[in-house]
Each structure stands twice: as structure tokens, then as C-alpha cells.
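Below sits a lone chain in C-alpha cells, taken as the form predicted alone.
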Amino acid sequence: MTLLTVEALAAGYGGREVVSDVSLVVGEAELVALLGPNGAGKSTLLGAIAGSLRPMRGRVLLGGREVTGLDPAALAAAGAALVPQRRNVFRSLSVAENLAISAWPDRRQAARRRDEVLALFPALAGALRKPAGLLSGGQRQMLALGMALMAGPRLLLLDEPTAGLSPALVEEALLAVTELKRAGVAALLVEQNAREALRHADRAIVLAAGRVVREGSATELLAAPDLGALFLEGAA
């Protein structure tokens, strides 16, 4: 069943289109990777979907309800939460405090949701009193995901969760992302590490120069002989 529908979306800055007429869907509890070379428009597209950037045209629907142009707070209340690449945890607060302040709009569900988060990410259970700034990179990404889950979303919009991580921690962070399926949460994942993302995703969409140039199952794209060329196209 389709959860997110993006129809002919265009977005950019200062009147200049960065992404043009992009359409895509994400199903319930599906992990879709959004891939492409630097400058392809991946983060711009995610921002337009998430409400941090107003689309120039097109529509965004969540569960059949139009949410085009809603700000991130209103979109989160509708069931979709953005996990940004940077500043996604409060480094001076403990793990427990980060989770507690993220339990909205219904704080009555906080204890149950915290238990669910800790079941998904057991590495956090033993670090509840630890300041988030002292966590490993992989653990911080788990915490960022857990904070988003405290609001009970149906969809997470993830902007490069492996950025700045060592190769050893990239796998840890992407495994954390795949755990979302166990919670019944879908995800649209912007990721530079294409091969690793494809090993964990269900499907993938490839952007180049602001347009969709390829989409299909992650298995098919991972086996594609021209995979490398796709990430050079439009990179200049």
C-alpha cells in the first residue's frame, strides 16, 4: 500500500529549479534509497517533501492526504518526520533526555515508545545516562532515529545518516535504518554511499541533474553494469 506519493515536484532556490518534475512513491514499511551524484538535487528534493523548502510546483501526499508545503512541525504531526544530516541530537543532554523531549504530540505514549525504541536499538539501553555527545557516530544515528520514532511517525525522511562516519560505522548506521521495518515505519533515505544503501534498501531511485534517471529494485540496481556511470552523470 502506498504511503508517500510525490507528483511532478519541482523545487529550488532564488527562482532557479534544482529538481524538476520528480515523481516517486514509498510504500508502507518500505525503505527507498534516493541516490545520485553530488549536485543531483537529492537534499533539495527531500527538503521540498519535508517542508523545509517550499515546492515551486507539484504535490506531496501522505496516506492520500495532500501535505504539500506543510512546515516540518505540521508534517511531523501528519506522520512524517525529517532526520537531518547535522544537529540531529542534543549533544549536552543524555540519551534519556533526548528521547524524552522528542515524545510529542502525545506524551502519554512516551514510556511505551521509549521501550519500543530501546528494543529496536539495544545499544542505547545501556547508555541512557550518557551525554549524546559522547556516543559513537553509529550510536548517535541510532539516537537520532529513536528521537524521530518517539513522535510515532509512519514515514522517516533521512538525509545522509552515514555522512562523516568511518567505514566501520556506515554499516552500523544503515543496519539501524533497516530496523525501522521491524517497527512498521517506512523511510526515504538520501545517501551518498550508493552500494551500501542498495544492500539495505528495498527499492532505489537515482537522480541526476534534478531528474529521475533510473528506478527499480535495489537488487536490480546493485547488479546493473552501468551503476558507476549513473553516479558520474550530472556530477559536474
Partner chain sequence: MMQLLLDALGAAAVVAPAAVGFSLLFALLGFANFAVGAYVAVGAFATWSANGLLGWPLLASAALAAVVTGLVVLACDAAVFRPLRGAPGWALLISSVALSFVLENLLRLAFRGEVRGFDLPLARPLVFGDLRVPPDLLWSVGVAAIALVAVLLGLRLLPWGRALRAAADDMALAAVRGIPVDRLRAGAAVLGGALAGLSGTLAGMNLAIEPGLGWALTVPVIAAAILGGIGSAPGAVLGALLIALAEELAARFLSPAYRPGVGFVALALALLLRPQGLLGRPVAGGRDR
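Numbering follows the first chain given and starts at 1. Remember, it's a predicted structure, so these values are computed and weren't measured experimentally.
This next part talks about the form predicted together with the partner chain, which is not shown.
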> Are any of the heavy atoms in R87 no more than 4.5 Å from a heavy atom of the partner chain in the predicted bound form?
Replying inline: yes
> L120: heavy atom within 4.5 Å of the partner chain in the predicted bound form?
Replying inline: no
> Contact between S102 and the partner chain in the predicted bound form at 4.5 Å, heavy atoms?
Replying inline: yes
>> Can you work out whether P72 and the partner chain are in contact in the predicted bound form, taking contact to mean some heavy atom pair no more than 4.5 Å apart?
In response: yes
